[in-house]
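Before any questions on binding or motion, here is one chain by itself as structure tokens, the form predicted on its own.
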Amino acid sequence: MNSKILALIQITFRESLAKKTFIAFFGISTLICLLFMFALNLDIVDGMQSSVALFGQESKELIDIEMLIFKIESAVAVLLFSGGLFMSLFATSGLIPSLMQTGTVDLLISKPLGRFHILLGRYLGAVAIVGFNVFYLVIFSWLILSLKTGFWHAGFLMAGIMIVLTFAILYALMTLLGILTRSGAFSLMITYLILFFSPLLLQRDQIYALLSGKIWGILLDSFYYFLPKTAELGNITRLLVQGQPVFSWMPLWTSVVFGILMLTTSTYIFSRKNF
């Protein structure tokens, strides 16, 4: 990777540390891991079955360990996907607007740095911050569960990859909105709105019945295929963790195309902007 981009990623890390954002993110991740460590107790019976207790509530029924692992990891993956995205977007929402502040951007563009490198370095810095915390949380949770049961299921690590990839797609939109509005709050609200409407767009066949004109159906379909499909990406994450086949990768590649489009547009606007 270009040394200039690496330097800009490092600057982004330092800014996050200075604002205590990274520390707060890391602290929350650690707290979740500790809760998971002490709240979940497993009593292994004959190496194949186990009773489980969560927050002191014990299930008397013996459960097959492999089935138990898949159920726990699937539930944790879904929680990490939704909660991790919410926390990650919130923690990084101010990085692009802070880049656009007078003084900060003036200093950077006065250096022998291309505007493409400046924006890409800030974007990748945000992704790196989130990636560090997400993989720390996922790997720590995986180690806790694996050590408690002796069953090492590496598929759970796919949750970390999918969370970071989904964040990178959504953060490309936040980057564009941050450049256009210089408002972290506005870009965050719009991105959360997409997260909220993504499950609703899956039910668009039922919504069609409530609409009077065909144009509304076309509009809903257009929104569905254009916007990132976070609800379906969450389902793909669950299937990957469970080791089940994914029958359609369309939600993933169309969402990736959306992210590339948003980042490309952001780079173009940033390179043409007057400071």
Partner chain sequence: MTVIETHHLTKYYANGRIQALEDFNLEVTPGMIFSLLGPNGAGKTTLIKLLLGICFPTRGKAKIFGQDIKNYSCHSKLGYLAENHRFPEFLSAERILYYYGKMAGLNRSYLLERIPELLELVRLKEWGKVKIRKFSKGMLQRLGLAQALINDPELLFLDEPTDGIDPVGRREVRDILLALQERGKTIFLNSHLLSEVERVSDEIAILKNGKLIEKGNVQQFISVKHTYQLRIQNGKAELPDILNQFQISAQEKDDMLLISVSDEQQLNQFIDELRKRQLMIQAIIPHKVTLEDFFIKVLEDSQPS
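Residue numbers count along the first chain shown, from 1. On a predicted model such as this, the values are computed, not experimentally measured, just so you know. In this text, rigid core is short for the largest set of C-alphas that superpose within 1.5 Å between two forms.
We do not show the form predicted together with its partner chain, though everything after this point is about it.
Asker: I'd like to check something about residue 203: if you look in the predicted bound form, is any of its heavy atoms closer than or equal to 4.5 Å to a heavy atom of its partner chain?
Answerer: Result no; residue 203 lies far from its partner chain in the predicted bound form.
Asker: I'd like to check something about residue 10: if you look in the predicted bound form, is any of its heavy atoms closer than or equal to 4.5 Å to a heavy atom of its partner chain?
Answerer: So residue 10 counts as contacting its partner chain.
Asker: Can any non-hydrogen atom of residue 109 be found within 4.5 angstroms of its partner chain in the predicted bound form?
Answerer: Result yes; residue 109 sits at the interface with its partner chain in the predicted bound form.
Asker: Would residue 114 count as touching its partner chain in the predicted bound form under a 4.5 Å heavy atom rule?
Answerer: Contact with its partner chain, yes.
Asker: If contact means a heavy atom within 4.5 Å, which one of 184 to 192, 137 to 145, 78 to 86, 99 to 107 is the stretch that engages its partner chain in the predicted bound form?
Answerer: One stretch meets the cut-off, namely 99 to 107.
Asker: Taking the rigid core as reference, does residue 18 move its C-alpha 2 Å or further between this form and the one not shown?
Answerer: Superposed on the core, residue 18 moves its C-alpha 2 Å or more between this form and the one not shown.
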